[in-house]
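First, one chain by itself: the form predicted on its own, in structure tokens.
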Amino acid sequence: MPTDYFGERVAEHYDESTADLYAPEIVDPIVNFLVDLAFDGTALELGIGTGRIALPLAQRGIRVHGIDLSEAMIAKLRAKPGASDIGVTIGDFATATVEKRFSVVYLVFNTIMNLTTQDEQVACFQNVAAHLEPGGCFVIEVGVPELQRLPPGETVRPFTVSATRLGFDEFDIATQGLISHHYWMDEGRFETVSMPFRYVWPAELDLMARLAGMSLRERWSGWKREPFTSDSRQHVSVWEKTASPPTC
């Protein structure tokens, strides 16, 4: 079983630390995008967490199920209004199974990078394909690796700097690994946590999809379908289940 980096300590303040991501102008385009793809009214969220997307999606009439490794995060979800309408499976979303099929499966907010090896990411695509209805779609929101924005010879990039919080990513270019370091003040106490990730390129994700019997349907730089360009810092990609995966 993979390590749970979103246990009690992180889950306790997770919603507070990501409060800006709950703004309607951020959540509504995501929900609208997913509703458009959920042709039979079903959706599976991988890494459902505390329900930032799942809850408003369920409020739109979509039958949402989630997979998550963290029981602490799911406890936070369960305490929220409307959570009783959402099914949850505890487990590693690269391998955990649900006895249902869905019209859309999705991963948001860089969650694909929580799988820290290429093998795990490939397994995730295969697991998704097994859960999709024919013609169903897999949606991923993830950042474009920031290597081109690193200073020459440097492997560290800050992503949060404030009076109470500091965060920076430390890249391992040889292994496509990175560690996100977080530092913050909590009721006068200095807290720190470091989490490992594996960054992944758009073309690499496309190949993983092909191996799982899916093909790229669309790619945007945001949930409002902004064009994806060489300057885009993230992408929202959609792969459609089109065939059985290759046998060799």
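Note that this is a predicted model, so its numbers are computed, not measured. All residue numbers are counted from 1 along the displayed sequence.
Another form, the form predicted in complex with a small molecule, is not on view; read the next lines as being about it.
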- Taking the shortest heavy atom distance, is residue 49 within 4.5 Å of the small molecule in the predicted complex? yes
- Message: Is residue 109 part of the interface with the small molecule in the predicted complex - any heavy atom within 4.5 Å?
- Response: yes
- Query: At the 4.5 Å heavy atom threshold, is residue 42 in contact with the small molecule in the predicted complex?
  - Reply: no
- Within a 4.5 Å heavy atom cut-off, is residue 77 in contact with the small molecule in the predicted complex? no
- Check each of 178, 142, 86, 115 and return the one that places a heavy atom within 4.5 angstroms of the small molecule in the predicted complex. 115
- Task: Within 4.5 Å of the small molecule in the predicted complex, counting heavy atoms only, one of 156 to 164, 128 to 136, 88 to 96, 143 to 151 shows up; tell me which.
- Result: 88 to 96
